[in-house]
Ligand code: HEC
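A lone chain, given as structure tokens: the form predicted on its own.
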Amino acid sequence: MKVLIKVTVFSLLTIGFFAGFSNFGIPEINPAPPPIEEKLDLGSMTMERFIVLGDKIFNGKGTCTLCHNAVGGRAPMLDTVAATAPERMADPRYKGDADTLEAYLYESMVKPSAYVVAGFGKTGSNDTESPMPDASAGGISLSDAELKAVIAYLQDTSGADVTVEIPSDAAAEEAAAPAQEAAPAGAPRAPHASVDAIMAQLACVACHKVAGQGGEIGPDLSGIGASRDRDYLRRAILEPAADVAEGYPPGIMPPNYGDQLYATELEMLINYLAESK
């Protein structure tokens, strides 16, 4: 009986120690607040504010700058799109229906393979398929009003007249994309409780296929656990330049994901990928 009591006490102390350590001993990795969905008060919005909204979406939720940047060269720059769009729509390779800059920009976001700029297509597609995902679906899921705000921003920054009309049905837009309440300034966010939420925060499907869905700019993660162990996956997230996947140029993956996750979120993501066989 004494032995049983000793074993029980030891077991309880051990469990208590590991529980306490997992909750208080593992530091969180400098979490950053997730993108906050814009609450669209379209009824009172001016065009200037609509363009500013497009700027925020382009550089934030839309994850556009992951590829449309001067450093990585993974997608065309868009600051001259007003000048280049007419010749692209006249190109024999163009498969879309747009006849204006506004329509071309909208089409490029929701049907990116309608026209692929030479040199920016999927590998082996001869520039007939775009690696860019549909911005209105998947992990990005921009609403119609958000897409139009991005168009207004791109028209403005490329020197064209802004032809977009601000949608008037605010209630319908808010119902389609419910807004999250913003946390108080400086308040840390709560850790995400699901892998889907973590992947949405990091916009993984903008570049990777996950469970068969997503982009093809980065390696397909659908069955990554069959060939890579947890140590490799952890290093790939925290130090993406340390071991670049064959066939992909360096610099594709942002190096600051470790600064955006709690340790528990990182381990959830690693476990999910490791178990994807």
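We call the rigid core whatever largest set of C-alpha positions still superposes within 1.5 Å between the two forms. The model shown is predicted, which means the values in this text are computed figures rather than measured ones. The first residue of the sequence shown is number 1, and the count goes up from there.
Only in words, not in the display: the form predicted in complex with heme C (HEC), which the text now covers.
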query	finding
Heavy atom of Y257 within 4.5 Å of heme C (HEC) in the predicted complex	yes
Distance check, G214 to heme C (HEC) in the predicted complex, heavy atom within 4.5 Å	no
Contact of A152 with heme C (HEC) in the predicted complex (heavy atom, 4.5 Å)	no
Contact flag, P219 vs heme C (HEC) in the predicted complex, heavy atom cut 4.5 Å	yes
R49, R228, K209, K56 - the one with a heavy atom within 4.5 Å of heme C (HEC) in the predicted complex	R228
Partner contacts for 240-254, taking heme C (HEC) in the predicted complex and a 4.5 Å heavy atom cut-off	P240, D243, V244, A245, Y248, P249, I252, M253, P254
After fitting the core, V244 CA displacement of 2 Å or more between the shown form and the other one	yes
Displaced residue check between the shown form and the other one: R230, CA, 2 Å or over, core reference	yes
